[in-house]
Each structure stands twice: as structure tokens, then as C-alpha cells.
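Shown below, as C-alpha cells, is a lone chain in the form predicted on its own; questions about how it binds or moves come after it.
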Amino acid sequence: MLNNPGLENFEKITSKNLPRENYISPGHRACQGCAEILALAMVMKVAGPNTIVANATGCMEIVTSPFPQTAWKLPWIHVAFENTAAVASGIEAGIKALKRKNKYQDDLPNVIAVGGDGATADIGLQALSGALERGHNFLYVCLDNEAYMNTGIQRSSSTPYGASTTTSPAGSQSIGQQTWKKDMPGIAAAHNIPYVATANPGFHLDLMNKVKKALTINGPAYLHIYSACPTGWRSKPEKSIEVSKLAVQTNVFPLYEIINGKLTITKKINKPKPVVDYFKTQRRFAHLKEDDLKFIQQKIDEQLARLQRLETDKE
């Protein structure tokens, strides 16, 4: 585990001291109801103007940078699908080198890498693993909308079991996606980095405080953010926050953080809603039968129990 300063003097973000300045202008081209751009804006509000962003090809890159325009109000670099973490680590290392040579006089900036689930769990996993292992002081943000939405709703390794996509279509002989969602936060945590967390724009204060913690701690940090996508999920655009909250309330997407190896569930659901309540909001799950729902509910319960055991084991 890398040495890093503690969070003893950490001042929580509340409704009273909420950052107000938006570093992504409202003139972007995101779809109506896109929770991904909402989450990204929350991240940047916390990070502030002294920030450099490396952004992988994907939805957020496309909607914020249609040449010759940009929605970004801070330094931003578009990079390839596969090398976001490598570019971010190069930025961080380069600035440190300039600092050592007294050629960089300003405070060290926040270096943030941004990628979707495809750029993170699939195409960019090798670069991300290398950057985490080397210990670069940067924040990697995965905006997880659970498929390759920008290019036609193709499945990724982050697509949930049972979801219908254009490359894992539901049919008489197929349930849709036949593999379980890859545990990217668990993979990041296995690198023994100082900070890993899940977040959700439906719980904005939890999300923003996790961003602040990730930027406060020295060393690599990984933040996995649930990002509702009305276009790909066939959900109602005006219901994106409701869908986001249901993901947590049904334990489909638990909220937790891992600080120096200690896991804490940050939003405990005392009376979880059944997973069918969540699935009803999205037509990508409309084909699922009662037996399918029972199986998925069982798996979700098992995954939550595993998280609870990990939380207890670290006490």
C-alpha cells in the first residue's frame, strides 16, 4: 500500500458548501436524460479549475467536443480508447519532472482520466492496470453505462446479465447478455491502491465527497460511477435519477468505498426493493421471465452478502 496522507481533516461537502461552478458548459450534445454527463459535471465541480483531463473516445468525448467547438472550460485531451490511463500517468509524471527542475511553478493539478465501461473494463484495462501498479497520483473515473452506447449499443464486459443489446440480443434461444457484470472496482482494489469507490449521480453528495476523497489521497484512485443511459437502456429520459436511485435501493449497484484496503458500504439499504422494480424501468430487461428474475435476485443477494462479509472482515 502506498503511503498517503490521512483524511483526518477532511471537510465533507454538504448542501451548504456545494461547489457551484460548472466546468462543462451546458452547450454539450448529450442525449436527453443522460445521467453520464450529469455525473461527469459533478466530478468536475469538485475537481475545480486546476485540473487536467484525459478523456477516452466515447459518449462524453463525442458530446463535449464537436470540432471546432468544446464544452470544456479546463484543459482537456481526447485520447484513444485504449490508452487513457497511460496518457494520464504521462501527464502526471511529466509535471512532476518539470516541478523537480523548477520549470513548473504552480500547484500540482488534479490529473483525471475519464473513460466509459468499454474504455475501462475492456479496451483500456491493460493501460489502467499498469498505471495503478506504478502508483501514479491520478484519479481514474469510469462512467459505466453498461454497453458501447456511442457506436450502437453493443455489449461490453460491464453489461449486466440478461440485458438485451445489439450484439447480445434477447430471443427464443438467448436471454441476452449471458455473462455477469465484470467487477471493475474489485479489480482496481486488487492493485492495493489507496482509494476505490462506487458512486451514483442519484446520490450526489455521496458521489461528490468520494471525488474529493480520491483527490485528497496521494496515489492512484479509482471511481466507478453508475451512468443511466435512456437511449441504450430504453428507459424514460425524465426518469434517469429515479432509475439511478432504484439501482442502489435494489442493491443492483451498491455504494461503497475502499480506503487503504478497508471496505465500507456508504449507503446501507435496510429494506431493499426487489430487483424487478428496477428492471421494470428499462425495456432492455423486458424479455426476462420469472425464473430469470429469481436467479438474478439470488445472485444480487449473494454479491451483497459478500460485500458485507468484506466490510466485517476489515473491522
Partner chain sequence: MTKAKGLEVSLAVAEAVKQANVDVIAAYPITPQTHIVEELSVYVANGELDAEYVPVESEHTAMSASVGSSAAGARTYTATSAQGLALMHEILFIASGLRLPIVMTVANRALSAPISIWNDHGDIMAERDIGWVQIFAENGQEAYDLSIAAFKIAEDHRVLLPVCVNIDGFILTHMIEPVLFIDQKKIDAFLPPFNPALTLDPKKPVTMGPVGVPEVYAESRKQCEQALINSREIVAEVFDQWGKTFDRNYKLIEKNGPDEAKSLFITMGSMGETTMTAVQELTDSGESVGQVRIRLWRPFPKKEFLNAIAGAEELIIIDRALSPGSHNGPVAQEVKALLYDEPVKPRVHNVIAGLGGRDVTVKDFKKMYAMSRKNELDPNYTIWGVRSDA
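Numbering follows the first chain given and starts at 1. If you're wondering where the values come from, they're calculated on a predicted model, not measured in any experiment.
Just so it is clear, the following notes concern the form predicted together with its partner chain, a form of the same protein that is not shown.
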The one option of 170, 187, 215, 86 with any heavy atom within 4.5 Å of its partner chain in the model of the complex is 86
Proximity of residue 274 to its partner chain in the model of the complex, heavy atoms at 4.5 Å:
no
Its partner chain contact in the model of the complex: residue 178, any heavy atom under 4.5 Å:
no
Applying a 4.5 Å heavy atom distance criterion, does residue 79 contact its partner chain in the model of the complex?
yes
Does residue 72 reach its partner chain in the model of the complex, with heavy atoms at most 4.5 Å apart?
yes
Which of 219-227, 170-178, 98-106, 112-120 lines the interface with its partner chain in the model of the complex (heavy atom within 4.5 Å)
98-106
Who in 43-68 is close to its partner chain in the model of the complex, meaning a heavy atom within 4.5 Å?
49, 50, 51, 52, 61, 62, 65, 66, 67
